[in-house]
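What follows is one chain in structure tokens, specifically the form predicted alone.
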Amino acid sequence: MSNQPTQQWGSRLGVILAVAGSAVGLGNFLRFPGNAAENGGGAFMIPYFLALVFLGIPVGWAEWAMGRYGGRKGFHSAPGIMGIWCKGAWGRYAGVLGVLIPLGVYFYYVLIESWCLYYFWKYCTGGIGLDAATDVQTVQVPKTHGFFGDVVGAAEHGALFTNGLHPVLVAFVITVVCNVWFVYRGLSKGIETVCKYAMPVMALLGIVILVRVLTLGAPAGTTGQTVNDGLGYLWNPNFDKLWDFKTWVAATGQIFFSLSVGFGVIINYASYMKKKDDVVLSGLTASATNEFFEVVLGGLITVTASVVFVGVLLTSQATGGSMSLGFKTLPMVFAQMPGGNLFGAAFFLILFLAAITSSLSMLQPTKAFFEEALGIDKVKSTTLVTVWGLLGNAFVLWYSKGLTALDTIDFWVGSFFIMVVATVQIIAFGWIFGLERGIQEAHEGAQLRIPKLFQFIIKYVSPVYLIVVIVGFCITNLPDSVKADGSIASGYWSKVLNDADTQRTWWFLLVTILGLVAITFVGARRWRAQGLDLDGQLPAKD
């Protein structure tokens, strides 16, 4: 193992806030409102809450127990821990995805984080140049879309580096430095400290903005729709959308991305807990905290304000991934809202703080993996994860045309692979390691017991639910399909085969995967030489 002393959390509250901070991120304030708006508002909430009950909470509990048990075995990375619970090398190499996911998501996530910082700065210094008196459809929509396209360099590859460096790159450098510094400081002095301060600030600012949104009238010159219309759009289901499997896939993906389930984060964080630390109540508390930020703050603020100022039609048309509603539609809202620049700055500050608590959690599992597999200290592991992360950032920054590189990594790493890892974990917990042993481990030191109903869900419902969603995900997204107007929608297999940017991104991901597999192979040889229990045959240490 590494020569570094074993790290631990400073307090139980610290690990709960850290896991909640990992969960509370851009998924709450951008991805959730965007998914809800794109998938029928209230119709989206039905499969969303079903996924929370049948997948998010049960798989989360399994991860907390798996991580704490693996930590007592001397492992802190997904490959080592999943090798134990799967009782074999195949689980160890499946665990490579538990390192790829946080690292791969970091490749693009930190860029979105820097966009939030840049928008915050722009609103602090006068806004993005929108005039409330101008027409929404003919003037404001093109202007906000154009501003966003300029910030992300969507027009051409390398657009941010031509005609002088774009100012958003300064925000990117600041963001990377903050991430690396706090991860280097470790669990209690770095990640835990950031979350202890950032989470209350986010909650306070979010409540202030929410109160302002819920007390809005119907502003003159806008749609005439009210707060009640916005709340109705979010909560009144359009049942036709429930027959669209994409709504169910989007809801499941949202739960996984938002709760950090299947990410490789919880399993790493929990590995630093003590045997008697309560993982059941901690997991439920972290999930509840995330839901408050996501549904109460993220959804009510973003969707409601958008409906009041730009209407249901424009809100529902805010498609284009997780960024459209937040970066393209909300600036039009702030332009028409009294004190709009102030509320715009507060909103994007929330986004930045939410993003950094999540991006720190993406670096930590990879850093721990390098220390564990290669036997290096925290300086070398931080350097290695920084360099690897910068290579991924540079790739996405340069190949920015149409955001194809970002979208491709998000589709495979940030959506599909997460569900695969979660499926392996829940099957390992309920079937391979054994449900009875798994529940016994989870109940060590627990003040709250996992109900019998949830034990049934963990063993039977969650695995079947996940397999159905994965199959549906593949059927829905991979092959070409016919649109309602008769045109052909290109599936992802066609993009992989025919689109040069998609192919280039896949090659980059493949090289990353092979590198992590090689490191896992080296690590397995080291662990075996040290006499560690790779296959879960020996009892864990107290």
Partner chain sequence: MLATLNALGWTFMLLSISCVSALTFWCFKKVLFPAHDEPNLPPGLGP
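The model shown is predicted, which means the values in this text are computed figures rather than measured ones. Residue numbers count along the first chain shown, from 1.
Omitted from view is the form predicted in complex with the partner chain, to which the following refers.
At a distance threshold of 4.5 angstroms between non-hydrogen atoms, G146 is out of contact with the partner chain in the predicted complex. The closest heavy atom approach of L284 to the partner chain in the predicted complex falls within 4.5 Å. In the predicted complex, the partner chain stays beyond 4.5 Å of every heavy atom belonging to F508. Proximity of G339 to the partner chain in the predicted complex: non-hydrogen atoms within 4.5 Å are absent; the residue sits far from the partner. Checking Y118, Y233, F182, F343 for any heavy atom within 4.5 Å of the partner chain in the predicted complex turns up a single hit: Y233. None of A155, L448, C124, V201 but one reaches within 4.5 angstroms of the partner chain in the predicted complex through a heavy atom, and that residue is L448. Proximity to the partner chain in the predicted complex, taken as heavy atoms within 4.5 Å, picks out 40-48 from the listed stretches 64-72, 470-478, 40-48, 497-505. Counting a residue when any of its non-hydrogen atoms is within 4.5 Å of the partner chain in the predicted complex, the hits in 273-294 run L281, L284, T285, A288, T289, E291, F292.
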